[in-house]
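Heads up, the chain below is alone and in the form predicted alone; it's given as structure tokens.
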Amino acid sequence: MAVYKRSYRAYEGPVTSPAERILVLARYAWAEAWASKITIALFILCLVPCLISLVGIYAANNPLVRSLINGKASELINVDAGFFLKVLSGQCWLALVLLSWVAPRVITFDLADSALPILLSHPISRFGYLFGKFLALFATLSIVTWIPCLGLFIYQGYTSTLPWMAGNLRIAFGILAGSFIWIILLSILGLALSAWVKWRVVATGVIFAAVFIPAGVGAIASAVLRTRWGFLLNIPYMITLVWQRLLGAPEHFNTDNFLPNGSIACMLTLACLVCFAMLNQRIRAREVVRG
């Protein structure tokens, strides 16, 4: 039969729901992120501190180990809010290293290969596209932050001879809330910067620069102007304060540099809004080429 004699009609078969379309993007973004051997090596590196902490918790609570070292294990390793603050901080900063490698792989390839207009020509919105990528990053960072930290918390409650877990639920809540805040901030930041830098290696460096360069500028501004408000540009300082206050750990910073919770929340929200504006400008279904 000739082509012009064929009659065409719209597709009438089953259609996936919008949520399933987002999960498809998340699944392929996850596969792309973990397709590199470097990702696996970084993941193993991120779990090494957790294994060391696991051994420390075992030594602090095991009677045989305490007797072998003259009962000083509990003095050398005090498993409290300060201990879990160190564990959480270490895991979250290692998550930044992992994100700097994974985030460009998730989104940069779509932009470099001009695949974004093709993807957005399908029945999926820009929000759905970005949310699918966000879910892949969120899941990737979760397995090196709050999941192993909560595992250590549960193990400490299991091995402790005292009813430790019930009296320290704030630590578990702080681990969960602090990790979520950090993961959301890093994921949005990684997507925004990767969307504007097509070269993956450069994007990795830009992510680190976006976290630490404003911190240096803020520290200089605080020292020159003799004010504490310059630390609002210091993401590492602000997020450490958030972790300390959520876990109930003692604050080790100078009290003269105290930042209210409201100001920290406003600055972190502002950073996310700037990233959203960058994504809104960059992620489009068409590309304008100027001659």
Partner chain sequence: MASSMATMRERLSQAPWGLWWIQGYRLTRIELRRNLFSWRAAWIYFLAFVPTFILLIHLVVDRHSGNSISEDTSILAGIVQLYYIRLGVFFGCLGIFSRLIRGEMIERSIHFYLLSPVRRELQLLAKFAAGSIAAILLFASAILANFVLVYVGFGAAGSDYIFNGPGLGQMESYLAIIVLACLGYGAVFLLLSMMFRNPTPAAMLVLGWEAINPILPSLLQKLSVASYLRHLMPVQVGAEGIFALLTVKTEPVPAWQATLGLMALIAVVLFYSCLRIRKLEIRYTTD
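Quick caveat: nothing in here was measured; it's all calculated off a predicted structure. Numbering follows the first chain given and starts at 1.
Here the subject shifts to the form predicted in complex with its partner chain, a form of this protein not shown in this document.
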Subject >> Listed residue (225, 64, 44, 31) with a non-hydrogen atom within 4.5 angstroms of its partner chain in the predicted bound form >> reply: 225
**OP:** Report the residue, out of 164, 101, 83, 134, that has at least one non-hydrogen atom within 4.5 angstroms of its partner chain in the predicted bound form.
**Re:** 101
Subject >> Triplet 201, 205 and 213 all within 4.5 Å of its partner chain in the predicted bound form via a heavy atom >> reply: yes
Subject >> Interface segment, criterion being heavy atoms within 4.5 Å of its partner chain in the predicted bound form, picked from 149-157, 166-174, 122-130, 217-225 >> reply: 217-225
Original post:
Counting only non-hydrogen atoms and a 4.5 angstroms cut-off, does residue 209 reach its partner chain in the predicted bound form?
Top reply: yes
